[in-house]
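Next comes just one chain, in structure tokens: the form predicted alone.
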Amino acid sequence: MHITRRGVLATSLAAASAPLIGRPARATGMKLRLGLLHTLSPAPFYMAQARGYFEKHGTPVEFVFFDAAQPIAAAAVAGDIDVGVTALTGGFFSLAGRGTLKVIGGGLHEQKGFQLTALVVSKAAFAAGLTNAGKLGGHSFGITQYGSSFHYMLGRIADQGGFDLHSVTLRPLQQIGNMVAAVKTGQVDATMIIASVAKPMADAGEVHIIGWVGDLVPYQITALFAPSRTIDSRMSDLKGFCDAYRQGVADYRRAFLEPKRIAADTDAAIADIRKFIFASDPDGPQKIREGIGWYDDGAALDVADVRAQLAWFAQQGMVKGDIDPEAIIDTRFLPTR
């Protein structure tokens, strides 16, 4: 199932979920629909699915793929998915502030030393002198949407690089594929592309990589969230789902992140991930190896970073009202960092 655009419901759902004291975490066996991007970033979920962990915990999962982050939050509110994992966007925080969504677990991190998201520029822009992140002011930059994770990352890079974000001409291109095409053809001067796509393009001379987001502004790029409706009505299913997710993260860390990892574990993990992405790409195994990012032990949530992201979107006027970050975070399902 693949969804490209979803409308946001005009009405809000009920807010906080009541604690279920003394209730056993026994999953119902009903399917959970997980909204996610069809990229490498949700790799632990692919592994958990391929290895049957969701089924074993009584929470069979259906993947519902999207082309951008913000529509996933909208689909969760609309009832088209039961849980989501993607970047926390301005749209997400606006919906969460109405009591409709809660962050329940950690995801992928931009981490120093991990080449996950590349800052890339067109050949013409590079030749004209756009050779490092500090020179982005005055140039055009491709993003999916205003308030997206790409918008946020660029804002953080602007703060760190000492240029005015408002001096950059933002081009909302809706889909990641459009961002890639735009920088390749010189329709925008710069954008961000995941390593598995950026590195082959750079090797082919189609773009230039001028930095890595993790080295410039490390932060929690994705998180697991659920509609308040799902938390209220399917607590046991969510707990089983999160237990299976933790197993996937443990396997992912053992295969890719541990210093003494075993080659057989890595090869098996790549085979499982390829069931969902790069399946027919002969360079798929190498793209997976080059695109590995950081997941904290236990799929832990970086609560402090979620607060920082909310504060930035609020400062930019993309989130209205005074939202209490504690009201949109539920730590009952997974550990915190």
Partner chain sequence: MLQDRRVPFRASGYNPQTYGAISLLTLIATIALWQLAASQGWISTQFASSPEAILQSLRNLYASGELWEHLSASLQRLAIGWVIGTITGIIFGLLLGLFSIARSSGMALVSALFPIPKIALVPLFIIWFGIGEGSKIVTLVFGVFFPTVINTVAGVDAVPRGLIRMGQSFGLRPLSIVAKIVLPGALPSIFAGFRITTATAIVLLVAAEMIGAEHGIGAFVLQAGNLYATDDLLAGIVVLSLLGLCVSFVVGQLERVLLRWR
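These figures come from a predicted structure and were not determined experimentally. So that the term is clear: the rigid core is the largest set of C-alpha atoms that superpose within 1.5 Å between two forms. Residue numbers count along the first chain shown, from 1.
Quick note: we don't show the form predicted in complex with its partner chain, though the next part is all about it.
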- Among 172, 155, 218, 161, just one has a heavy atom within 4.5 Å of its partner chain in the predicted bound form, namely 172
- Query: Between the options 227, 147, 248, 240, which residue brings a heavy atom to within 4.5 Å of its partner chain in the predicted bound form?
  - Reply: 147
- Answer among 260-268, 200-208, 98-106, 114-122 for heavy atoms within 4.5 Å of its partner chain in the predicted bound form: the stretch 98-106
- Do residue 130 and its partner chain come within 4.5 Å of each other in the predicted bound form, heavy atoms counted? no
- Using 4.5 Å between non-hydrogen atoms, is residue 168 touching its partner chain in the predicted bound form? yes
- Query: Does its partner chain come within 4.5 Å of any heavy atom of residue 90 in the predicted bound form?
  - Reply: yes
- Message: Considering non-hydrogen atoms and a 4.5 Å limit, does its partner chain approach residue 309 in the predicted bound form?
- Response: no
- Three-residue site 77, 94 and 318 fully in contact with its partner chain in the predicted bound form at 4.5 Å by heavy atom: yes
- Aligning on the rigid core, do we see the C-alpha of residue 173 shift 2 angstroms or more between the shown form and the other one? yes
- Message: Would residue 98 count as moving between the shown form and the other one, using a Cα shift of 2 angstroms or more after superposing the core as the test?
- Response: no
- Message: If the two forms are fitted on the core, does residue 265 show a Cα displacement reaching 2 angstroms between the shown form and the other one?
- Response: no
